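There is one chain below, alone, in structure tokens, taken in the form predicted on its own.
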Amino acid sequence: MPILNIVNKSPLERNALASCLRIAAPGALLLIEDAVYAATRGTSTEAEITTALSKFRIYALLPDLQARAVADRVIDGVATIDYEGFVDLVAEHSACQSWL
């Protein structure tokens, strides 16, 4: 079972997402908190996320997207999940790696 990679920092303030995309083995990537900005169209990370979709199943936490008023701008191919979906993802994977 692959690892669930979790990123919570905005790609504009930290390089956690870039490091994850560069180093992590193929699998799942969950964007939470300010990292959900990376999952939106029209940002500097749109091309990176679109390319990463060939390596990762990418998810963004819907309540965090809604809290930041960007839920209507999610990049095609990025799945949105609720808290129950977050728990399901954790249960489906053998390990979770948080990128700080």
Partner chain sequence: MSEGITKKFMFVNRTAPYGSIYALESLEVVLITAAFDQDVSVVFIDDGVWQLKKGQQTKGIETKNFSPTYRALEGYDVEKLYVDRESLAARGLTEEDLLVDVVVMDADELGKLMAEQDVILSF
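Just so we're clear, the structure is a prediction, and the values are computed from it rather than from any experiment. Residue numbers count along the first chain shown, from 1.
Another form exists, predicted together with its partner chain; not displayed. Remarks below refer to it.
No residue in the set Arg22, Thr51 and Arg57 has a non-hydrogen atom no more than 4.5 Å from its partner chain in the predicted complex.
In the predicted complex, its partner chain lies within 4.5 Å of some heavy atom of Ala67. Although the partner is absent here, Val87 sits far enough away that none of its heavy atoms falls within 4.5 Å of its partner chain in the predicted complex. When contacts are judged by a 4.5 Å heavy atom cut-off, Thr80 does not count as touching its partner chain in the predicted complex.
Although the partner is absent here, Glu13 is a contact residue: one of its heavy atoms lies within 4.5 angstroms of its partner chain in the predicted complex.
If you take 42 to 66 and check each residue for a heavy atom within 4.5 Å of its partner chain in the predicted complex, you get Gly42, Thr43, Ser44, Pro63, Asp64, Gln66, in sequence order.
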